[in-house]
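Given next, in structure tokens, is a single chain: the form predicted on its own.
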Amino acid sequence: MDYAFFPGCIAKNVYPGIEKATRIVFEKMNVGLHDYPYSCCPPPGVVACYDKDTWYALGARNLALSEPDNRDIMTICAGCYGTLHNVWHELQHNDAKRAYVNEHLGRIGMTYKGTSRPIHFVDLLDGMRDTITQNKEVDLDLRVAVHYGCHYLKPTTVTGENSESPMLLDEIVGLVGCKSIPFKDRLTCCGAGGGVMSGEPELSLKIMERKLKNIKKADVDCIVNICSFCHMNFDQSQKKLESFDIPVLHLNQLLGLAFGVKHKHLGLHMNLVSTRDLVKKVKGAKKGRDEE
């Protein structure tokens, strides 16, 4: 399987460990990831709020890049997925908007056809459950709080996901020996999206603090997310609040640990919230398996 790989701004510039973990994990599962000269997605809660036509044009440019190679686009960020999938969906059904986009893309020698479909990596993993199990070297034996993120699930009329009681992420972490622990308001926003983190930082922190309190009560080993932007907010906000120390892992970093990849190769040492104790626990689980 071959996909165009859209890492997004956060994984590329702030948490490169997420990008590296993704490349390692998918290489182990024999999935080819190909790079293109992408720009920012751009963010659904920022650019689209000011000028939606510009948002369509910029998103369509990214989508058009892999069309000549007949490759769908895999994202590892819910925000990027929210833009690319929503733009793709709108342009599939709006001929006038597609004509507008192509008028502008024509000025740089490009044409958008709509043949490359955006795919969130979790939906790809859903069809590769046997491959995940085959690559697993150790059951991690971790209690995890999973965070889906808003733009992966909504709007359901576009994504087709179950936004009220999703179980896909819970089931995937279970494949590598983790237990998804329920907690209050688990499907609420992390407080970052829609420009809240940059435009209303105090409000963003209040939203995050409430979510972290609920997660702490659940007594988990770590938070597992499927969005680079949510990942950044969970990790950085804990340092700002100075009252939480719950390790934050992108799902591909968690899978990398289960596949036997060294934690530094996954960028876990680059997080603000220490993952040292978590890594020790995983090493203990691996040692126990090796001794059996």
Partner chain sequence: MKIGVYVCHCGVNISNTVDVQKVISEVSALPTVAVCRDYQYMCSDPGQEMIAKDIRELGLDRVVVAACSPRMHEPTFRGAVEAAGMNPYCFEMANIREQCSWVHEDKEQATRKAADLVKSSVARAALLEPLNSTEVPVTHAALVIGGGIAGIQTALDIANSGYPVYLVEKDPSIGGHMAQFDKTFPTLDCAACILTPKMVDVARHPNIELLTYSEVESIEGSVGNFHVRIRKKPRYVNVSLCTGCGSCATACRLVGRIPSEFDMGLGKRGAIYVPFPQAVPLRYTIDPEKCLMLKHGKCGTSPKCVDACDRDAIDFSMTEEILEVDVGAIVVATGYKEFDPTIKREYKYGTFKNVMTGLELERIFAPSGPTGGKALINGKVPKKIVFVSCVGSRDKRIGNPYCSRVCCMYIAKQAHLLKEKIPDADITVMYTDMRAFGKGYEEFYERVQKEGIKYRRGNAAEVYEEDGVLHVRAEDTLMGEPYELEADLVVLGTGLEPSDAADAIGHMLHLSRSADKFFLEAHPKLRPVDTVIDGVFLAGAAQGPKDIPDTVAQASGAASHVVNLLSKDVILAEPIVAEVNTDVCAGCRICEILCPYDAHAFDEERNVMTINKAICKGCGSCAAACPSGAIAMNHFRDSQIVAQILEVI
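Residue numbers count along the first chain shown, from 1. All values derive from a computational prediction rather than experimental measurement.
Just so it is clear, the following notes concern the form predicted together with its partner chain, a form of the same protein that is not shown.
When contacts are defined as a non-hydrogen atom within 4.5 Å, all of Thr156, Ser165 and Lys217 contact its partner chain in the predicted complex. A residue is said to contact a partner when one of its heavy atoms sits within 4.5 Å of a partner heavy atom; Arg117 fails this definition for its partner chain in the predicted complex, lying far away. Not displayed here, its partner chain is kept clear of Asp126 by more than 4.5 Å at the level of heavy atoms in the predicted complex.
Among residues of the shown chain, Arg143 is not one whose heavy atoms approach its partner chain to within 4.5 Å in the predicted complex. Proximity of Lys184 to its partner chain in the predicted complex: non-hydrogen atoms within 4.5 Å are present. Only one of 167 to 175, 184 to 192, 130 to 138, 117 to 125 lies within 4.5 Å of its partner chain in the predicted complex by heavy atoms, and it is 184 to 192.
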